[in-house]
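Before any questions on binding or motion, here is one chain by itself as structure tokens, the form predicted on its own.
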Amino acid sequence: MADKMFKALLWAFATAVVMAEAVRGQLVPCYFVFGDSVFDNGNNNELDTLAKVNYSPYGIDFARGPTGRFSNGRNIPDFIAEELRISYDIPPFTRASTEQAHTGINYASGGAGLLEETSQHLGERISFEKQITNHRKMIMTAGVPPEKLKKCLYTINIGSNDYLNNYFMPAPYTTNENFSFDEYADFLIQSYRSYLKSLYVLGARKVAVFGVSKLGCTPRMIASHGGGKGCATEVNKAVEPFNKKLKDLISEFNRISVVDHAKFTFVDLFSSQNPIEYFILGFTVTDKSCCTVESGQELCAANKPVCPNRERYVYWDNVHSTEAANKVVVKAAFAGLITSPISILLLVL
């Protein structure tokens, strides 16, 4: 009861701050996005890859139709940009001009992972390391002042593919033969630490890092590892140590960067995924895709039927969430209901 009361008070406080900030307009001067398909807004469109969604029914609820977003409508960065009161589109890196490095760029790529080998069976993808390299080139070429970069928001969603398209996938991968769940999490976090340091050196001081969701509860993993009857327990157990270690990593960065007034926060997607919360929020279908996905596939079949009541579905295809689910995540992250140690709103203030 006390926990619920605290969250209610936190929500009220956050709402009051947002209303106050509305007078000031845009909350940050620039917004940079890194990650995988959950955050990708079109970078894979020009790549030779199976992880490409620039076709109908993707974007059925998006004003411009199919754009390369892995959803029926807006994705998480879109809603974050709205909460930041950014009035312009954050462009995908592959179509961004140098000047747009002053206001924000989305570097995320479907299939991307912490490990270079992850998702290699899908074809081309822009790994996290390469995304950071692209960011370095863009801000240096554009001459973005370091003081400005320190005021920008950076959001990262990476790691899911290192499980979906590596550890829990057979040939050409042998990762699960070489690592226990805990060892693999340590291995991934070692890379993550290095990449976060690189972003920090490049000026990142306001960073929101998204944890990995309950991958075992995606329609894809229910079918392949859950016997088609429920969440794949083994998959969720594998993800848990990664999230714990990632949260600890965020605490580590907050300790060592306090002198630079840097702020990092962890967004917990895993713990917030439970039947009761879904029910309260109006999601009645939590284990099936809204679009038509052919047997053995992950993405929506082109130009095939989709569910009419998309606001009640958590998943759009066999892995990616609906616009409705994306909106809920961002609202909760800005209110501080699923973040630690601070909300995204307080991160940017």
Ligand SMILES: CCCC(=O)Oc1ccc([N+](=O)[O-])cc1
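Quick note: we count residues from 1 along the sequence shown, nothing fancier. The structure presented is a predicted model; accordingly, all values stated were derived computationally and were not measured.
There is also a form predicted together with this ligand; it is not shown, and the following applies to it.
**Student:** Taking 4.5 Å between heavy atoms as the contact cutoff, choose which of Cys30, Ala324, Ala51, Cys291 touches this ligand in the model of the complex.
**Tutor:** Of the candidates Cys30, Ala324, Ala51, Cys291, Ala51 is the one lying within 4.5 Å of this ligand in the model of the complex.
**Student:** Using a 4.5 Å heavy atom cut-off, indicate which stretch of 300-308, 59-67, 281-289, 314-322 touches this ligand in the model of the complex.
**Tutor:** It is the stretch 314-322.
**Student:** Taking this ligand in the model of the complex, would Thr103, His135 and Val207 all count as contacting it (heavy atom within 4.5 Å)?
**Tutor:** No, because Thr103, His135 and Val207 lack any heavy atom that approaches this ligand to within 4.5 Å in the model of the complex.
**Student:** Classify Gly111 as contacting or not contacting this ligand in the model of the complex by the rule of any non-hydrogen atom within 4.5 angstroms, answering yes or no.
**Tutor:** Judged by the heavy-atom cut-off of 4.5 Å, Gly111 is in contact with this ligand in the model of the complex.
**Student:** Does this ligand get within 4.5 angstroms of any non-hydrogen atom of Leu149 in the model of the complex?
**Tutor:** No, no contact at 4.5 Å.
**Student:** Would Arg220 count as a contact of this ligand in the model of the complex, using a 4.5 angstroms cut-off between non-hydrogen atoms?
**Tutor:** Looking in the model of the complex, residue contacts with this ligand include Arg220, since a heavy atom lies within 4.5 Å.
**Student:** Spell out, yes or no, whether the shortest heavy atom distance between Asn43 and this ligand in the model of the complex is within 4.5 Å.
**Tutor:** Answer no; every heavy atom of Asn43 is more than 4.5 Å from this ligand in the model of the complex.
**Student:** Heavy atom within 4.5 Å of this ligand in the model of the complex: which residues of 136-150 qualify?
**Tutor:** Contacts from 136-150: none.
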